[in-house]
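Form predicted alone, single chain, as C-alpha cells, below.
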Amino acid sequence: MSNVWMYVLTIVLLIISAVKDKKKTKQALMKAWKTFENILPELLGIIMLVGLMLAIVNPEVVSKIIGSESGWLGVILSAVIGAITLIPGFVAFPTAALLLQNGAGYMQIAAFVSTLMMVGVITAPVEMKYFGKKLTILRNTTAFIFSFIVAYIIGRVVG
C-alpha cells in the first residue's frame, strides 16, 4: 500500500512541476528517460545473471554457502564477493532480496551489500590515482572491517 502512496505523491509532484514550468519538467523527464536507457542493459544483465544462477543453484546450496548456517565463513565469503564485485546500488538491493528469498542469511547479505557499496577493489587503481595509495588502502580496509560490524549488528537485530 505504501508503494501506491509513493506513486500518487510522485504524480502529484510531477503535475505541480509541469504547472510551474512545463519546459523544465519536460527536460527533467527526458534526462530521466536517457538515464533509464543507460541503466537498463546493466540492470537486465545482472538480474538475468542472478536469475540464471538461482535457477541452476537450488536454495539449499545458496543456504549452505551463504545461509545463516554458514556462520562467519559465509559472512567472509559474502564480504569478499561484495568487495570485488562492481554493481550499482539499484541492482544490489534487488539482488540481495533475491538471495534472501533463496536461503541466504541476513548477516551474509549485510556483509555482501556493505562491502559492495563501500569497498572498491575494482576501482582501487582509479582511487589511488586521485587520493594516493595509502589513503585508498586505509579507506578500503576500514570499510571492509566495518562491513563485519554491520553484519554482526544485523545478525543480532534481525537474526
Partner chain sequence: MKIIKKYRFFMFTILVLAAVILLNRQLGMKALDIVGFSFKEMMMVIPPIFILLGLLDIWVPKETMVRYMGESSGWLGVVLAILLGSAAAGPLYGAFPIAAVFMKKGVRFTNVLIFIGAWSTTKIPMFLFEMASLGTSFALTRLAIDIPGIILIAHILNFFASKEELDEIYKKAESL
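Everything quoted here is computed from the prediction, not taken from an experiment. Rigid core: the largest C-alpha set superposing within 1.5 Å between the two forms. Positions refer to the first chain, counted from 1.
Unshown form predicted in complex with its partner chain; subsequent notes refer to it.
Mapping the unseen interface onto this chain, residue 123 counts among the residues with a heavy atom inside 4.5 Å of its partner chain in the model of the complex. Proximity of residue 97 to its partner chain in the model of the complex falls within the 4.5 Å heavy atom cutoff. Its partner chain is not shown here, and in the model of the complex it never comes within 4.5 Å of any heavy atom of residue 69. Residue contact with its partner chain in the model of the complex: residue 104 places no heavy atom within 4.5 Å of it. Taking its partner chain as it sits in the model of the complex, the stretch 108-133 comes within 4.5 angstroms of it through a non-hydrogen atom at 109, 110, 113, 114, 117, 118, 123, 126, 127, 128, 129, 130, 131, 132. After superposition on the rigid core, the Cα of residue 42 moves by 2 Å or more between the shown form and the other one. Residue displacement note: residue 143 has its CA displaced by under 2 Å between the shown form and the other one (rigid core superposed). Annotation: Cα of residue 26 displaced by at least 2 Å between the shown form and the other one, core superposition. Legend note: Cα of residue 46 to Cα of residue 123 is at least 3 Å closer in the model of the complex than in the depicted form. Note on residue 48 and residue 96: their C-alpha atoms are more widely spaced in the model of the complex, a change of at least 3 Å from this conformation.
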